[in-house]
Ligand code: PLP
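The chain that follows stands alone, in the form predicted alone, written as structure tokens.
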């Protein structure tokens, strides 16, 4: 499908009527260069995978968007109305295939009267079959803060999914310079965090571990679905503060996200780690067939 942008007035909690949606080709020039999102990266977003005309993990994504808006001191969006808009948009896709739906709220710009600007970009999903089956090489990059800083300096927007992704894109370029495809961030005191656009899961025996969201990282929606599903597979999921050795010694490890689903890791800083192709296949079969 041709990439499409849907513009609408951001619905606000306690103030919303049914929102009118303006649908246009994504190539149309429609966003002001003075919008705070374009000019400063001052806004928040969520990206949904859409399969069988269903926006996956809809409510967790919207609750995380609400939390991110609160951390940025944006007006509280009307989640019920956004849910309707996302469902309406997802229904525009085909009954087969994978699609990406990106919902953006910014602080706005001239003429918005303090109301956030809002839009959705709907497009075909890239083909991630090779990454899901063959896996990725990752490097570890120190994000430069001690784990204690999260509680000490909340104004730094830890845990908000905001538009300022320049550092994350720089990390992916560094990975390519080191003959890898992905990154796992760490704190300055050596605790594992997340990928630039994904959540880390490692397996040790019958346990699945993911870094504690209290370390200032996003609480992954795909990771939560896997943890709920893993009980059916005889596995237990938990949130922990884990270091590099927990990754190098793992029985398997993955980066999971709403668009790539579950991608196995093959090497960490050039060191080969164990893989579990059968469990990877089970994870992705589940993620690609969620209601």
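Residue numbers count along the first chain shown, from 1. From a predicted model like this one, the values you see are computed outputs, not experimental measurements.
This next part talks about the form predicted together with pyridoxal-5'-phosphate, which is not shown.
Heavy atoms within 4.5 Å of pyridoxal-5'-phosphate in the model of the complex: which of the stretches 213-221, 103-111, 123-131, 86-94 has them?
Of the stretches listed, the one contacting the partner is 213-221.
Tell me whether 61, 168 and 196, taken together, all sit within 4.5 Å of pyridoxal-5'-phosphate in the model of the complex, counting heavy atoms only.
Per the other structure, all of 61, 168 and 196 touch pyridoxal-5'-phosphate.
Is residue 257 close enough to pyridoxal-5'-phosphate in the model of the complex to count, meaning some heavy atom within 4.5 Å?
Close contact exists here: in the model of the complex, residue 257 approaches pyridoxal-5'-phosphate to within 4.5 Å, heavy atoms only.
Is residue 161 close enough to touch pyridoxal-5'-phosphate in the model of the complex, meaning at least one heavy atom pair within 4.5 Å?
It does: once pyridoxal-5'-phosphate is placed as it appears in the model of the complex, residue 161 has a heavy atom within 4.5 Å of it.
Could you run down 95-134 and flag each residue that has a heavy atom within 4.5 Å of pyridoxal-5'-phosphate in the model of the complex?
Contacts from 95-134: none.
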